[in-house]
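Next up: a single chain in structure tokens, the form predicted on its own.
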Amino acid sequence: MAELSWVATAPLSHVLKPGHHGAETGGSGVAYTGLSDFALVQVMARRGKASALAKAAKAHFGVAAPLKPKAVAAGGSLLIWSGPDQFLALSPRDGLASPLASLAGPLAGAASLSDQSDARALIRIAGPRARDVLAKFCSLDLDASVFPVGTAAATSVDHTAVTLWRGEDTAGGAATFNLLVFTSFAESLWHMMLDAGAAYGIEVGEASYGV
């Protein structure tokens, strides 16, 4: 009888190989980092409760939840717009048994909550050629003049639904972008990203979210 093993693995564990990929000369024009150990909760206002959710969210997080495509820092969490009257709450997992526990009380009655922590993969793209890579498979205009730090978007990449937002620039001033993708599409997106960035040289790494 075959033995089954139910060991949880990261969505990109089979394909993410740390180190240099692509062009061997000229250094690395872009860095890809697979982020893990994060808690992600989808927060959606219940029917007729948008105002109540807005008040409850501000009281709990200390800042207003985004009402347009933005990513807003809220203490140890990041609130990312994901549609009208809804947002994603992203934070380090910190050993939480259930990411819903900390929100169930403060947002009770105003929102429906869904734990998405293991349903999404999180990839960070940074570096001087980050926009050039994204331009190959993303139709959004990511120029700094129209997509500044903190801007978010719910879009599609190669027929795959993606939540994308711009993070703080690197210490060297290069742009940083974050992509949340459903785990079932993560490997496909990753292979496409490797192909798109190969000409610039890619430095691949892994890190825990929040580090």
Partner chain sequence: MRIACPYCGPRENGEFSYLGDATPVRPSLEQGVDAMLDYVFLRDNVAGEMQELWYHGGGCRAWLKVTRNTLTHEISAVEAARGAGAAKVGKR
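Positions refer to the first chain, counted from 1. These numbers come from a predicted model, not from an experiment.
As for the form predicted together with its partner chain, it is not shown, yet the points below apply to it.
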Note to self: Since only the chain is shown here, I'm wondering whether G75 would be in contact with its partner chain in the predicted complex (any heavy atom pair within 4.5 Å).
What the structure shows: no
Notebook entry, point to check: According to a 4.5 angstroms non-hydrogen atom cut-off, is F87 in contact with its partner chain in the predicted complex?
Noted result: no
Check: So, in the predicted complex, is P66 in contact with its partner chain at a 4.5 angstroms heavy atom limit?
Finding: no
Notebook entry, point to check: Heavy atom to heavy atom, is S51 within 4.5 Å of its partner chain in the predicted complex?
Noted result: no
Note to self: Is it true that L35, A71 and N178, all three, sit within 4.5 Å of its partner chain in the predicted complex, judged by heavy atoms?
What the structure shows: no
Check: Which of 27-35, 152-160, 170-178, 51-59 has heavy atoms within 4.5 Å of its partner chain in the predicted complex?
Finding: 152-160
Check: Going through 41-65 from first to last, which residues have a non-hydrogen atom within 4.5 Å of its partner chain in the predicted complex?
Finding: M44
